[in-house]
Each structure stands twice: as C-alpha cells, then as structure tokens.
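The data below hold one chain only, encoded as structure tokens and taken in the form predicted alone.
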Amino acid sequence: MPKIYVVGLGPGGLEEMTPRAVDALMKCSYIIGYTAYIDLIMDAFPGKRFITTGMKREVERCALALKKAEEGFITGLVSGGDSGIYGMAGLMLEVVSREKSGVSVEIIPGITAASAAAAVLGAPLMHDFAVISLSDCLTPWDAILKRIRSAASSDFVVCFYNPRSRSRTMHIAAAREELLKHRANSTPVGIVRNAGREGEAFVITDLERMLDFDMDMFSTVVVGNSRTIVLNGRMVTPRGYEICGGEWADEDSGDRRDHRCAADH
C-alpha cells in the first residue's frame, strides 16, 4: 500500500533521531527534503534515493512525495525538529486531502528546537511556556506581535524560533520591548545556536543585554518568566516543589507527601 512517512529529524545529528524515525526512513525507497536536512542524514542511509529542493519550496516537496508514493514507493518526507511543529506534516496532509489521494500518511515526531535548546540551557521550560516564530514569511507581523503581547502579559516562558535573519533584523528587538513591559530587565534569557548540531554554542544573559549577542535563523531564544532563575550557570523555571523540609506537592496528581532533602539522608 502506498505510504508517506513525514519524519522529524530532531536537531540534525543521527544520535538525536528517535529509533522510530530511523526505522521509518530505513523502510523508504525515496527520501525527500530541504537540501540542508538531507545533507545531514544522507550518509546514514546508503542505498536510498534522495530528492532535494531549496528553501520556500515546501509545496513542491509535498507534491513530489505524493507522486512517488502514488507510483508505489514508500516515501519519506523529512523536517528538521518535529515534523508537526513548524514542519511539513500539516502541509503534507493538506496536499493529500486536496488531491483526494488514498495514500497513507504517518507522522513521526522528533525533538523540536525548544526541547533541544532547553536541555542545553538547563530546565527553563519546566512550567507553562509559549513557542513563537518571529518569521513573518507566512504569518503577518501584526498577528505575531499580538501573540507576543499575550504571552508576555500571561507570564509564559517564551521560546522564540527564527529570531533574526539577514533581511529581518528588528523583530527580536520589538519582541524584547513587549516583554520588558511585563518583566524585569534581569529576567534570564538563553540563546542557543545550532542546538544538538555541530557548532553548538549558547549564552545565558538577561532581557537588558540580550541584544548584545548574535542571533540568526539557527538560533533559539528562551526568555524566562517572573520565576525563572539561574542556578550554577543553568536556567531553571521552578514548578513550585519544596525541595527541603516539610511537605511537597505533586502537581500532576495533587498528592502531598513527606519529603526530606538529600542532605537529610
């Protein structure tokens, strides 16, 4: 039966891919994707036939994947990160529906940039957070700005994708301005470039100084909320557990239990 796997590759390294993603791609005759993503995985899947396209040709990639699947080939369509988070999954489902095709589509999740960057920084996403892309290629800037204002006023930790490009340099400054209306200058900010890839680098700074550091389309920016702190050089957003003395509450179950800190053992 014709089938398309829409696969999230994670940050890019093979060790960051899930076994399920690797297994799906091993089943494929064709693997289709953005050139930079195919370059990351090509050596790991010898014998496969690869089709690549450049940026802003997402619809073409989905059409190619559908064509190959309808020819009888098991086909992989790859995305960086998670295929359902700013990835190819939704578009592939739209194309299949538009063409009234009987091809089966299976979505394979992957590690998204927010998770990869958070792990580098510490644990800044331990409580409620919002993920917002600052790219206005497909979303009007007014809509993005409205979402930033809502997240800022609601005290969400905010994770920004696509913070700056060569032609779009001021959106991150505008986002910072909105956040400063609701947060202190000292609010921790983490900037991670190439999270989970070769050349990974990060800095932990604050809202006041964040624009002093380089950011680009390979960067993920995590802005803490009013409770985010820096512990031993790592960002942490506490969930509210009491870690020493008395009782602590498990927020997931509502259960309260006696707990002693490690120093008591």
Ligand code: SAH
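Each residue number is its position in the shown sequence, starting from 1. Because the structure is predicted, anything quoted here is derived from the model rather than measured.
If you look for the form predicted together with S-adenosyl-L-homocysteine, you will not find it shown, but the lines that follow are about it.
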| property | result |
| --- | --- |
| Contact flag, residue 197 vs S-adenosyl-L-homocysteine in the model of the complex, heavy atom cut 4.5 Å | yes |
| Contact of residue 105 with S-adenosyl-L-homocysteine in the model of the complex (heavy atom, 4.5 Å) | no |
| Distance check, residue 51 to S-adenosyl-L-homocysteine in the model of the complex, heavy atom within 4.5 Å | no |
| Interface membership of residue 219, S-adenosyl-L-homocysteine in the model of the complex, 4.5 Å heavy atom rule | yes |
| Partner-facing stretch of 140 to 148, 68 to 76, 86 to 94, 181 to 189, counted where any non-hydrogen atom is within 4.5 angstroms of S-adenosyl-L-homocysteine in the model of the complex | 86 to 94 |
| Heavy atom within 4.5 Å of S-adenosyl-L-homocysteine in the model of the complex - residue from 152, 113, 125, 175 | 113 |
| Interface residues of 1 to 19 toward S-adenosyl-L-homocysteine, as seen in the model of the complex [heavy atoms, 4.5 Å] | 11 |
